[in-house]
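Given as structure tokens, the chain that follows is alone and in the form predicted on its own.
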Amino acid sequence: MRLTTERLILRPPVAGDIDAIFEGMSDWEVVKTLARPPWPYERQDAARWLAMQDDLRADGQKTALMLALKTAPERAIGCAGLEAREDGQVHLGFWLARSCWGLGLMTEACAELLRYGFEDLGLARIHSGCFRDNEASRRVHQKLGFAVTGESRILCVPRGESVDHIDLALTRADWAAANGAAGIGLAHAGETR
């Protein structure tokens, strides 16, 4: 599976992504915004994550796609994906290398991933969330049309503590209303991060 936007290619991870994954995930400013990665993040953690992806994709549990600029398709700059959880909910998650923050790339990538989820997979609702102190992620979710569904405290493994979390969801109907009947995404809105 391969998705494209104006500036990005979203593609399955490959063995050659290990350096980019390790580089991105060994940056505390990136990892502190995520719930599950270990800290400190080691190269073997990137290798372990890569080794699991084919099985998760084959089981239909996860669609993790690496983000790469069209101008440098071999170099991953982040990851975005949809994950089917045990409770039946499908969750959007993402991270982006700090060197690419503030360029609207994550909004662009997630807009295309939402289009894929709603149009190609036929999902009715996509859940997501962010830690209360993650302003950049809150802005991305807001631009994409996610609505707050609640608040919780969840364990942030890298921080080693439970952190205030904003629970979010987007329905296919709300996504379609915001993007027009043809499902025109926000991929070219030029929004930040």
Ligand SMILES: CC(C)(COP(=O)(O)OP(=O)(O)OC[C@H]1O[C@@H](n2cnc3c(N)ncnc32)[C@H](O)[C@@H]1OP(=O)(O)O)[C@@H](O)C(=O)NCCC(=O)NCCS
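As the structure is a prediction and not an experimental result, all values here were calculated from the model. Quick note: we count residues from 1 along the sequence shown, nothing fancier.
The protein also exists as the form predicted together with this ligand; that form is not presented, and the subsequent description refers to it.
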Give a yes/no on whether residue 135 approaches this ligand to within 4.5 Å in the predicted bound form, heavy atoms considered. yes
In the predicted bound form, does residue 127 come within 4.5 Å of this ligand, counting heavy atoms only? no
Within a 4.5 Å heavy atom cut-off, is residue 65 in contact with this ligand in the predicted bound form? no
At 4.5 Å between heavy atoms, is residue 57 in contact with this ligand in the predicted bound form? no
Could you tell me which one of 105, 111, 76, 80 places a heavy atom within 4.5 Å of this ligand in the predicted bound form? 105
Pick from 94-102, 81-89, 111-119, 68-76: which stretch has non-hydrogen atoms within 4.5 Å of this ligand in the predicted bound form? 94-102
Let me test this: is every residue among 29, 34 and 139 within 4.5 Å of this ligand in the predicted bound form, going by heavy atom positions? yes
